[in-house]
Each structure stands twice: as C-alpha cells, then as structure tokens.
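Take a look at the structure tokens below, where one protein chain is shown in two forms, each on its own, as structure 1 and structure 2.
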Structure 1
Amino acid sequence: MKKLIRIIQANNLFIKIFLVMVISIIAVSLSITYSSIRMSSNLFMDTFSITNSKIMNQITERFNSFTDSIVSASLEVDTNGTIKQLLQEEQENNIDQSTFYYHMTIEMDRIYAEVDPNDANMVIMSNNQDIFNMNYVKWPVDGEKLANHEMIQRVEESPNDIVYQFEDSEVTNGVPMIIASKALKLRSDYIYGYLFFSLTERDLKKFYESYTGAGNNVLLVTPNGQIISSNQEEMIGESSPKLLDYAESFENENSEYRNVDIFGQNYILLSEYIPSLDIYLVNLIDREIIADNVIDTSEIVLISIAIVSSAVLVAFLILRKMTVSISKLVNQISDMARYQFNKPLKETGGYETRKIAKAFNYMLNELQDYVQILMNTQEKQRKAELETLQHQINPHFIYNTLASIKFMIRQEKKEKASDTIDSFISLIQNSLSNIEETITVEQELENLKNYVQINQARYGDRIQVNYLISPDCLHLYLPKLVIQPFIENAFFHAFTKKKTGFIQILIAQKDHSLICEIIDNGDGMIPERLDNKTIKAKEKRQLFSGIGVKNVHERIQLLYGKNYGVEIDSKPAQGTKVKIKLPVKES
C-alpha cells in the first residue's frame, strides 16, 4: 500500500493530467456519437417520410384508377340496352334461358375486359336471383344469399351511387373483400338488377404491398375506424377509433408526417383520404425498427471505442514523455535544495523541459556568483574586523601592566618583573604580528598562559588557573582569541564576592568536534543575565582584546554554522561553565 502511495505521489502530475484528458476524450466522444446517431436518425426519418409521402400518392393513384375503371364499367352496364332488355324479359323455356345467359355473357365479357385490375370480379344479379359471375373463383356467390343480404338494402337506399362495402360474412364465404355495388334501374326508378364489383383483401393488398416492409406498415381504415386491409394481417377486421382520429386530424394538418403513440409503440403517421372508396390510406412507420435497420448502433459504438482507445493511447504516450521529464526535473531541483546546491540540472527531455532547465541553470549560476561575491565580502569584513581588534589592545591593559612591572622593580622583585615583561612581550607580539584568522591550540594556549601570568603578577595568586589539554588537540586549529575573552571575564567578574578560586581550561575532541571548556567556581551569574545559554545583552568590551563574549558565539556560528558556538551554564555562588564547540580542523 505504501509502495502504491509512493508511486501515485511520484506520478501525481501525470495522473491528474491523464485523468482530465481521458474524461474529456470520453465525454467528447459520447457527445459526438450521440449527436451523430440522433442527427442521422432524424435525417433518415425526414427523408424516409418524404419518400413515403410520394409512395402514398402513387398508391392513391392506383386506387383512383381502380375506382375509375369501376365507374366506367358501371356506366357502360347501366347504358347497355341488351343487358337492360335481357334482365327485364321473362324466359319461358330452356331455349330462352340459354339464349339469355349466352347474350349476357357476351356483353359482360366485353365490359369486364375494361375493369382494372384483372383480379377484380364483376357480378350481375337479376331480380330473379340469376347470377352472372365473370370470375367465379374470386367470389362464388349464391343468388339467394346475396338477394337477402343487407348489402342489397344499403344499395337500394342509394340507388344512384356506387356503394363500397367491406364484407367478410357468409355471403363472401368468410373471405374479406371490398365490394362496389350499384343498383340497375330505369328512369322510373324501377330496379331491374344489381351490379357488383368485388376485390378480395388479398388482391387489394397488391396495390401497396410492394411498398411495405419491416416497420413500414400500410392500413386501409373505413370511416367507422375498421381496418379492412393491411400488410399486418392480424390487424384486419379490428376497429381502432384512435387511429381513425389520427387519420382525420392529419387531414387538417399541413405537415409531411406526424409522430403518434398507438398500439403501444411510437410511430410516424402519414395518411391520405381516398374519397372514391371512402377510406383512409394510413402509413405507420416504426421509428425504432427503421432506425435499427439503417443505423448500426453496435458498429458506431465499436468505432467510437476504437477512436477513444487510440486517442487515449496517444495522449498517454505524449503525456508520459512530457511529465516524466518534468518529474525528473522536479526531483533534481528537490535533491539540489537538500544536497547538491552547486550541481546544475541536466538539460534533457522535451522542448519545454529543456528550456526550464536552461533558465534554471542560468539563474543558479547568477545566484552562485552573487553568493560567492557576498561570501568573499563577508570574509574580508571578518578579517578586517579581527585585524582591527587585534591592533586595538586596550591602552588601560598596557598602562596597568607597565605600572605593575614598575612597582615590582621598585620592590626589587626583579625575577617576577622579568617574567611579566617576557609574557607581556610575547602576548603583544602574538597579538599584533599573527594576523591569521585561525591558530593552533598550542599557540592559543601559549597566549592564554602569558595573559594569565600577567594577571597573576598584577593581582596575586588568589585565582589559580589549571590547564587540562589533550595532546592530540595541540595541532588542531581554532579561531584566534576564541578562549581568551572568557578567561578575562572570569578574572574580572567571577570573583567579586569570592576572593579566591580557580579556573580550569579543558580542551579535547568529542564526537568529531573540538570541545573547549572554561570552568570557574566563582560567584556565578543570575539566570536573568543568560538567554538560551548565551550572554543576554551586549557586555562591555574586555580589557585586553576588546572582543566581547557574545561576539565570540556569533563569530563561530558565522564561520562554521548553527551546529557550533558557545553555551554558558551558570549558577549563583557555584560558578560558571563555558563550553565552546568547534569543528575539528587540522589545517
């Protein structure tokens, strides 16, 4: 789990950008795919509807052609004198009866030849229920049943009109068919016979069947909502007032098609009223089936998935190349801040990464130059300050020392005066002549001893100084005058109340550091004078070098860093312990 978290953190930039790109690509692809399918479906439906509208006109023309041929044949029968005479005559014997049938057949054959289509049947029935049937196979009607059928009553109610009726009753032997009926009458309105033109539903379907298909249905609906013909045979004979309402309302709309919800599905509806047959020609288009047949959704989805996968793969490769170089650049900068500040960045990777690395390296070089100039300036400043301090030996120290030597001579303490003069000369010589910033422990120890000897010659031996120096430290280097200020401070401030005591100087190596400790058993300091184990306020300049105790601490940290410096631990009436921590320097 931790390894996974580290991997995510290391590739955080790549993961964020890659996720945003993947989500964007998928969102855009889904939007385009959905819009394309929707636009293609709508465009096809519009085109399909316009095409079907033209087909509806063609089917209507076929129906009109059929009714025109029926009207023409009806007029010819109605005006045919032979048929009129034959139907009104009485046949007294078989010869007359045969002659009657013969002439009727000849006249009807001539007229029937003009009826279109040929599948239609033409039937004439006399008042004696004699049947003259031109296509018996299509409608094997019985004269008695036909004469007593309500169809005759409807014809007699409209003797001047051709009455179209849909029948699938006993009179048609259960075969659904549309029958055009006309009463044959004289001017005196005497009906001497009946003319029928029949067309079975199967033959009627041939008018439009070639234009139908899966999801593209045609229905013929009567004004009472009955479906008398359709390529959907299970719907024939059903009554649908809702479909009739749609068909009637569509006639009043000025639109190419209409979306309707009927029979539990969503359809596109086109409708045409055929006055000659008094029926509605209805075209129902199933949107879902038509769209599925035209638009291969699975293929579009597969193509979209392939495009998205390709785009994601390309984005992954390009993004990976870019972010890897940027991540490496970030790691280099991070390592540089911790370990290798002077090491320039590698100018590798993409164009942007190389530009950033080049600009960073230029800035780094400028910064290093500036830091080097600053460090050189501070170095010169430190050396100048130290050199100035070295040459500013307190005149009071010189005056008091010389006065003490004069007093020794008058007291005839010549040997003591001689030793004091030697110490004073060595101290002055080392202080003024050696201008190096660092000296060996051995040289610093010699200066301390000379300084202590002078002070003991002036003030007596009431303060004893002990030296505990590890031999392996004598050759090590430390900053000049780094211990002397604390010895001087102990001499002049640690034994104000106590008149006698001792000072111990310990120098040794510990934990790869040079440790110098100055311990006295004097008066000690109150806690208010210390701040985090250093002198709280700037103290007065020391009598000999003028270098303050607090100045020593700041000087060490400036030279060697925050890990080094001075710590002071003091307790009133018990004494003071000063610990100076320095790096081990052998040159």
Structure 2
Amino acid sequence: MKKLIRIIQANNLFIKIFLVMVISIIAVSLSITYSSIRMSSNLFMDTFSITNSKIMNQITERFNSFTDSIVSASLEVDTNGTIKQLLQEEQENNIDQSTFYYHMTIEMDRIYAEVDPNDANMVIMSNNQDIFNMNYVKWPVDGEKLANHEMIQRVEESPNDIVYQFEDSEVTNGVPMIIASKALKLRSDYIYGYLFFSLTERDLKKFYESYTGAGNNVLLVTPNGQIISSNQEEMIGESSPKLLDYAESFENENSEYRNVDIFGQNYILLSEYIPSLDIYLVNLIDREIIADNVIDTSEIVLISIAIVSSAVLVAFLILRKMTVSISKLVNQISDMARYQFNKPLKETGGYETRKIAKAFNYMLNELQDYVQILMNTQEKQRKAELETLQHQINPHFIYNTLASIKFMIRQEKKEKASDTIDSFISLIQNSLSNIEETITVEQELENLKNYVQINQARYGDRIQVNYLISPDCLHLYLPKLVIQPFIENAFFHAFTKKKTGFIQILIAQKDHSLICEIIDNGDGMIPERLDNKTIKAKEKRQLFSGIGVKNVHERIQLLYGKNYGVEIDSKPAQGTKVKIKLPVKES
C-alpha cells in the first residue's frame, strides 16, 4: 500500500496529465459516436416511419378490398335464388340429396370463382348441418361442431351484419383464422342457412407480410386486445390491453408515429383502425434492430475504440517519456542539498528536460565558482587581518616594559635592566622585523623565553616557567605567536587567587603531528568561560600582540584545516591545559 502511494506520488504529474487526456479523449469520442449514431438513427427513423405510414395505408387498402369482396360475395349468395331454394327444400331420398348437393356446389363454385376473395374459403352450412366447403384444405370444418358453436348465436343476434371474429378453437382444429359469418335469411327473418368466409392467419399474413422484416412487425389487434395475427408467430393469440391502449390513443393523435414501451422493449408505433374488420392494424418498429440494419453501430464503436486506444497509447508513450524525465530531474534537484550542490544533474530525457538540466547545471557551476571566489577572498582578507595583527605589538606592552626598565635602572638593578632590555630588543626584533609567517620551534622558544624573562623581570619570579622541548622538534616550523598568547593568558589570568605556581611548556611530535602543550597549575577557568574547548570569544585586550587566544585556533584551522587546532582543558583550582595540534613541517 505504501509502495503504491509512493509510486503514485512519484508519477503524480504523469498520472494527472494522462488521466485528463484519457478522460477527454474518451469523452470526445463517446459523445461524437453517440450523437452521430443517434442523429443518423433519428433521421432514418423519420424517413422510415413516413414510408411505413404509407405502407400502412396500402395494407389497409388491401384489407378493405378483401372485405369488399367478402361483402359482394355474401350479397351474391344472399340474392341467389337457387341457393335460397335449395337450402329451404327438404330432401327425401338419395337422388334428391344428390341433386341438392350437386347444384349447391355448382352455384357456390360460380360465386366463389367470380369473387375469389384472396385465399379465403367460402363455406355454407344448411340448417341440417350440411357443409358446402369450397376449399376443404383451408378449413376442414365439421358441421356438427360448427352448428353448436357460439359463432352461430352471434350471427343470429345480428342477422343483417357480417360478423368478423378470430378463432383458434376446436372448430378450426386449432388453426388460427378469421371467420366472417353471415346469416342467410328471408324477409320474414327466417334463417335458412349460414355463410362463412374463413381466412387462415397464414393467408391473412400475406396481406402485410411482404412489408415486414426483422424489427418491423405488424400486428392485428381486436378491440378486446387480442393479437390475432402477426409476423411474430409467438405473439398470435396473446392479449395485450396495453398495446390496444396505445393503438386507440394513437387514433386520436395526429402524430406521424409514437414511441412506446411495450413487451419490455422500446418500439415505434403506428396504428390504423380498420372499421370493416373491426381491428387495429398496428405496426411496431424495433428501433434498435432497424437502426442496426442501417447503422453498423458495432463498426462505429469498434473504429472509435481503435482510434481512442491508439491515441491513448501514443499519448501514454509521449507523456511517459516527458514526465518521467521531469520527475527524475525533480528528484535530482531535491537531492541536491545532500551532495552539497556540487553534483551536476544528468542531462537525459526529452528536449525540454535536457535544456532545463543544462541551464540548471550551468547555474550551479556559476554559483560554485562564485562561492569559491567569495571564499578565497574572505580567506585572503582574514589572512591579511591576522598578518597585520601579528605584526602589531601592543604599545602598552612597550610602555609598560620600558617603564619597568626605567624603575630597574632607578633602583640601580643595572644587570636586570640590561637583561630585560636585551630580551625586549630580540622580542621586538623577532616580532616586527621577521616578516616570515612561520618560524622554527627554536626561534619561537627564544621569543617565549624573552617574553617570560620580561614578565618575570616586571612581576617577579612567583610564576615559574619550565620548557620541555623534544630535541627532534627544534627544527620544525610553526606559525608565529601560537604559543605566546596562552602564556600571556596564564600569566595574567591563571594566578589571581594563587599567587605562585608554574607554567610548563611541552613540545613534541606525536602521530605525525606537532603537539604543543601549555599547562599551568593556576586557578583554572570556570566552565562558562569555556566554549567547545576554546576560550569564549570575549573581547579582551591583548597585552602583547594583536593575536589573542581566541584567534589562535581560528588561525591554525585557516592555515592547516580542520584536523588541527587548539583544545583547552581546565578545572577550577587545579589549572588549565592547552593543547595545540599542528602539522609536522620541515620548512
């Protein structure tokens, strides 16, 4: 998890840009694909439904001509005197019956041939349940079943009308068909026979089947909501009040077509009421299937997917290349501090990144050069400062010493005065005239001795100074005035409570270094005065030269580096130990 977050953080830029890009590419292509499909399918639907409403008119026309022919055929039968007579006669024997059957068939054949109502079958039933069937195959009807069927009752209830109804019961042997029935009656309302026209659903379908296709369905719906015919065979016989509702309300509307939700799908509905048959002719168009036939949605989608994925791939590669190099650059820059700004950036990646890295490196180099120069200048300045300091001798020292000598002469201590003047002279000589920065241990020792001699001459012998110098050190070089300030310090500050004591000076080589130790057994310093083993930089007037204790350490490090310097160890009432570490220098 942490790893994942780290990866996300590392690729933050890439992820942001890439996501925005992918989302916008997909959004653009989706909306274009969707709107183009929708627009074209809408356009197609409009034209399609216009064609279909014309087709509906044609189908209606066909139904009307069919019912017209039924009407004229039934008129023919109704007005046919032979049939009227034959059906009313009683047949006594085989001969009469034979004649009856023969003439009935002849008359009916004639009418049937004249009218020829599209594939419809014509049947006449006498009151004796004799059946005259013009096309037995179309409706193998049984007289007894037909006579007892409710259809007869319905016909008798309205003897003047042609009653249309849908049947798929026993009377039609389960074959769905539309049966038009009419009573044959005299003026006296006596019914002498029944006339039927049957049209099987299969033949009925021929009226509209050629106009249908996948997704373009035609249904015939009775006012009860029963679907009596359809090119979708599984729907025949089903009842759908909802569809009827739509069909009825469509009649009252003036729209070209209507979108409906039925049978769990979205359809375009066109409807027409056929009054002669008392049925609704409904055209259901499945938008999806029809549109799919014209608009290859999958192809469009496939193409957009291909384009989107290739665009995303290209974007991925290019972005990846750009952002990875930028991220690397950022990482390197944030690591900069760790490498003290002296490690240059790698100039890799894209054009932009390389340019940035180059500029950054250039800047870094410039900066480094500048810093170097600055440091050099500062060092030089420091050195100059120290040099001036070391060439200065505090004038007070000179007055005081000269004053001391004057007192010696007054007290007539000629010997002592002369020694002191000698020491003074060589001290001044070494300090002022020797312009070399470094001197040998031997020379330094001489200076120290002179200085100590002057001090002892002035302040007495209560502070003894011992020198323990390793002979192999005498020829080694050390900076001027590195030991003197500590001696001075010990003289004037270490012995304020204790009045007597001694100072020991030890110089020896140790571990390839020159170690000088100034140890006193004076008062020692309180810890507050010590800071990191050096004396706190407290402005204090130096008694001899301008270089004070606090400068020594700084000066050594300036000359020789961090490995060298001054360490001070002090314990109150026990004394102070100063250790100066210097490199071994033969010249």
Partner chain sequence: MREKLSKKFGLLMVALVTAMVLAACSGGADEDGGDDTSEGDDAGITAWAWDPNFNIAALELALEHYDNEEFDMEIRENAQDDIVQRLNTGLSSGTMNGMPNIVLIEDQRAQSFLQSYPDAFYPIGDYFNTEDFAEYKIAPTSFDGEQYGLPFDTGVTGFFYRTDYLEEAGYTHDDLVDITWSEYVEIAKDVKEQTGQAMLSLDPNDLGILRVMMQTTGTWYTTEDGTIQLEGNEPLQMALENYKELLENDLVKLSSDWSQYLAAFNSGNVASVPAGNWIAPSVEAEESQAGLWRVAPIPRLDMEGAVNASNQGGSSFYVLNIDGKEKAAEFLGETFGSNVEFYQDLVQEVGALGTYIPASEGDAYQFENEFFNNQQVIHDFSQWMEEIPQVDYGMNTYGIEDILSAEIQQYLDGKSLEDVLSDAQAQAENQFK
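Residue indices: 1-based, along structure 1. We call the rigid core the largest set of C-alpha positions that still match within 1.5 Å between the two forms. Treat the numbers as computed from the prediction; the structure is a model and nothing was measured.
Comparing the two isolated chains, structure 2 is the one taken from the form predicted in complex with the partner chain; structure 1 is not. After superposition on the rigid core, the Cα of P176 moves by less than 2 Å between structure 1 and structure 2. When two forms of a protein are overlaid on their rigid core, residues whose CA moves 2 Å or more are considered shifted, and M235 is not one of them between structure 1 and structure 2.
For N217, a C-alpha deviation below 2 angstroms is recorded between structure 1 and structure 2 after rigid-core alignment. When the core is overlaid, the C-alpha of Q574 ends up 31.4 Å from its other position between structure 1 and structure 2.
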